[in-house]
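One chain comes next, on its own, written as structure tokens: the form predicted on its own.
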């Protein structure tokens, strides 16, 4: 097998209250050695389900999946020896133990020798910039430092494949940036270190990944490098307008010809709505502006913007990551 990770028509069905729920629908992807591969999609798209299958925590209903050439369902013990999983928001160990004690505990589960474990723990704590908290109880660490500890735990065994499930979930901007930089550095430094990252943060996938697969409702919609995915939108026009009301009604665009898709973000605090729309022709935007003026809305800004990975998603399904509408409470 030429790929370090490969899935072939993976299907996963869960029991539902009324009928079965298909979380994955014939998912086929491959990841090459040394690649940082992103699985990008909204909450509930099937990202975590796929990672659980690839890390031997869940069996597929149908299809096959391989890591390092080993079947995740038939050779799980061999797969587990070469992988590690880090999830965002996950408790990285035992609260009564210090950061270094937790890492020591997990190093022994991995079977590291005493000398190797001590050197590895010291190096990871230094690299991830939390060695000053070595003797601090895990329960006393901030969310950001808990996630640094979590990542250090995941790298103790120097895995061939590192699975990251929403690794920066709930973290502040600075901590997220540092962790992203370290993960990219680790993968490129190891050269053979492979990463599968799931995220719903478009900028994160764009910044980190060599290739990205966009998943929605259990199906892979597109897979390519972030640059090539965005280049496919070059013939479209992406316009963004901000208006001074959270009550702005954009439903009229549903019936307009030439509208590929749109997303909107409402800010209750500033009483504004930001609306982004993808069009086949720029002139259609003037019709949208007229409709907004009919609502007596104050236009705060209106301009053409460069395509993002979310725009790629919008072009495929016609809506943004949050069902076309997001409400934010800004601070």
Ligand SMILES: Nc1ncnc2c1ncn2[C@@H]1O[C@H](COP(=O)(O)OP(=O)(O)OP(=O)(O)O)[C@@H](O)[C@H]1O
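Positions refer to the first chain, counted from 1. Given the structure is predicted, the values throughout are model-derived calculations rather than measurements.
Although it is not shown, the form predicted together with this ligand is what the next lines describe.
**Student:** Hey, of 66-74, 258-266, 285-293, 38-46, which bit sits against this ligand in the predicted bound form at 4.5 Å between non-hydrogen atoms?
**Tutor:** Of the options given, it is 38-46.
**Student:** Can you work out which of 101, 210, 127, 166 has a heavy atom no more than 4.5 Å from this ligand in the predicted bound form?
**Tutor:** Only one listed residue qualifies here, and that residue is 166.
**Student:** Flag residue 23 as yes or no: does it have a non-hydrogen atom within 4.5 angstroms of any non-hydrogen atom of this ligand in the predicted bound form?
**Tutor:** Taking the distances in the predicted bound form, the answer for residue 23 is yes, it comes within 4.5 Å of this ligand.
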